[in-house]
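The form predicted on its own is given below as one chain in structure tokens.
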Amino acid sequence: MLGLMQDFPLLVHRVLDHAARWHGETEIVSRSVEGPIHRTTYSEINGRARALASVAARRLGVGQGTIVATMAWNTWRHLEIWYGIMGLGAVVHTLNPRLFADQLDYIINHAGDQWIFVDLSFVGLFEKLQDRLPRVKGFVVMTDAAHMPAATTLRNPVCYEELLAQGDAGFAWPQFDENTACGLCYTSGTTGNPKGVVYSHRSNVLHALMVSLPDVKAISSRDAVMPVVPMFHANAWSLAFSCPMNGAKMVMPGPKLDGASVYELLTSERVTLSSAVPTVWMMLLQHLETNPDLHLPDLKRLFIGGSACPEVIIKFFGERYGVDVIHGWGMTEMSPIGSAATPTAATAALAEDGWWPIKLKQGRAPFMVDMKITDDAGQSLPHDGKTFGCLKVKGPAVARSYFRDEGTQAFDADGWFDTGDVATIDPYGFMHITDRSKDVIKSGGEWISSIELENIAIGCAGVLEAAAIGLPHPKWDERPLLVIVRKAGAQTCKADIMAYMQGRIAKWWLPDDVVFVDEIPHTATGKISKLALRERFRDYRWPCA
């Protein structure tokens, strides 16, 4: 016997339709690429997305299954492009501007992108790169006629606002299956070529519902939300869908992500919730430290992910400004949120010294994410908070394969995706990532967490950024080397750092040496590139070895 409920396909454009119908006057505020602040509403975005869909189908030949790329900052235009293109049954492929030219060349050609929508910031990049992209028909420059580059050498350049003016704001969305592809995002490719993750309408809608839950981001129509995390970084962690789903005001920061610019929008637009990687919040922290008279009167929650969040950030915003910093974790393959460190009834009853170590973990899996740790043979391991294992996940917003059926070894016959992370899960259900499997330091047969070393080191006065890598050692197989970037003007030395770390970790975890550099390399998604660091220090010799 089947239920007698109506069929309601979970299509992404229904989210925007809902926002326009019931929260039509709610604002979307953007810092534009051209400079000025731009204000619009969900109702206007909906009409413009429909107009884009109509003219993209008619003039650009975009239809179901067409792959259209964007290289753009978080603005109202990027938002309406997402909904307009996805609403046609086409696929939006977000391009990360921090990738090298060879990486962009590879993923654009591998994806088969037919058109690329570009912000003004990236016109020059594609003027140089376009000859390596034979299947790209042309470029839509996301600006108006007044700012359209007059002498651009782009192939078939189209002015976005002039294109939109030819569209029909009353365009009716076509109907198609909710499992139709709508998004494509490539992994960072730290080992081998990047691999494509293909999101469906259904997976994006379900993921947005999950992210909105009280135990994840608790998004409501009373919130003003600023997605500092870019839309090209795994769906802006779902905020491009979960905000309109709940009728929340959106504050789009555009290209300016420095501490002063982020602070300006947080306060002027009365932002209550924001999401970004730790690097962004460290820049804001430094801005606030430099200007101690500044306040954050409206900010209630910060969601931090992308890499492990240092304790100093969580304490700074929590103790000084009363902001609840939520530690999260996820992956491109998970749409991307997989966990959030929000308290349960049991952990909320703990004393501060009992809850604090748990808050620093990556958190609990919400409904629609299944999670386990296993040994190398695939056998499940206990949730005792001590046993390390391979972290595996599955769920309706978790990839079951990569684009063009690549990377099949990451998925097992039972549907579990091997994240490549090494983790523990405690009796309360809180997961703690100790390392990437390729970055864990194996010393004398025991594991040392490079992430924990980094998070402790960054709490030392004068340390701006820290990275720990394992290097070959004649006696212990590997030992940790700590790489430090000092804050401007700081004189912090090795002895200061070693003294600070003493007593905070097991003695045998202490790094064997500390080196100071001007800059630590990062991947295109802002994570520390351990691969590049290991290459840089491959000829390093231990002082006493």
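Everything numeric here is computed off the predicted structure, so don't read it as measured data. Note that residue numbering begins at 1 and tracks the sequence as displayed.
What comes next is about the form predicted together with a further copy of the same chain, which does not appear here.
Undergrad: Using a 4.5 Å heavy atom cut-off, indicate which stretch of 336-344, 70-78, 147-155, 309-317 touches a further copy of the same chain in the predicted bound form.
TA: It is 336-344 that comes within 4.5 Å of the partner.
Undergrad: Using a 4.5 angstroms cut-off on non-hydrogen atoms, would Tyr402 count as touching a further copy of the same chain in the predicted bound form?
TA: Judged by the heavy-atom cut-off of 4.5 Å, Tyr402 is in contact with a further copy of the same chain in the predicted bound form.
Undergrad: Are any of the heavy atoms in His383 no more than 4.5 Å from a heavy atom of a further copy of the same chain in the predicted bound form?
TA: Yes, His383 is a contact residue.
Undergrad: Closest heavy atom of Leu88 to a further copy of the same chain in the predicted bound form, within 4.5 Å or not?
TA: Taking the distances in the predicted bound form, the answer for Leu88 is no, it never comes within 4.5 Å of a further copy of the same chain.
Undergrad: I'd like to check something about Gly3: if you look in the predicted bound form, is any of its heavy atoms closer than or equal to 4.5 Å to a heavy atom of a further copy of the same chain?
TA: Flag for Gly3 set to yes.
Undergrad: In the predicted bound form, does each residue in the set Arg14, Lys394 and Gly415 place a non-hydrogen atom within 4.5 angstroms of a further copy of the same chain?
TA: Yes, all three are in contact.
Undergrad: Taking a further copy of the same chain in the predicted bound form as the reference, which of Glu161, Glu452, Glu264, Glu178 has a non-hydrogen atom within 4.5 Å?
TA: Going through each option in turn, the one that passes is Glu178.
Undergrad: Name the single residue among Asp375, Asp258, Asp370, Asp102 that comes within 4.5 Å of a further copy of the same chain in the predicted bound form, judging by heavy atoms.
TA: Only one option qualifies, and that one is Asp370.
Undergrad: May I ask you to list the residues of 92-111 that have any heavy atom within 4.5 angstroms of a further copy of the same chain in the predicted bound form, in sequence order?
TA: The stretch does not touch the partner at all.
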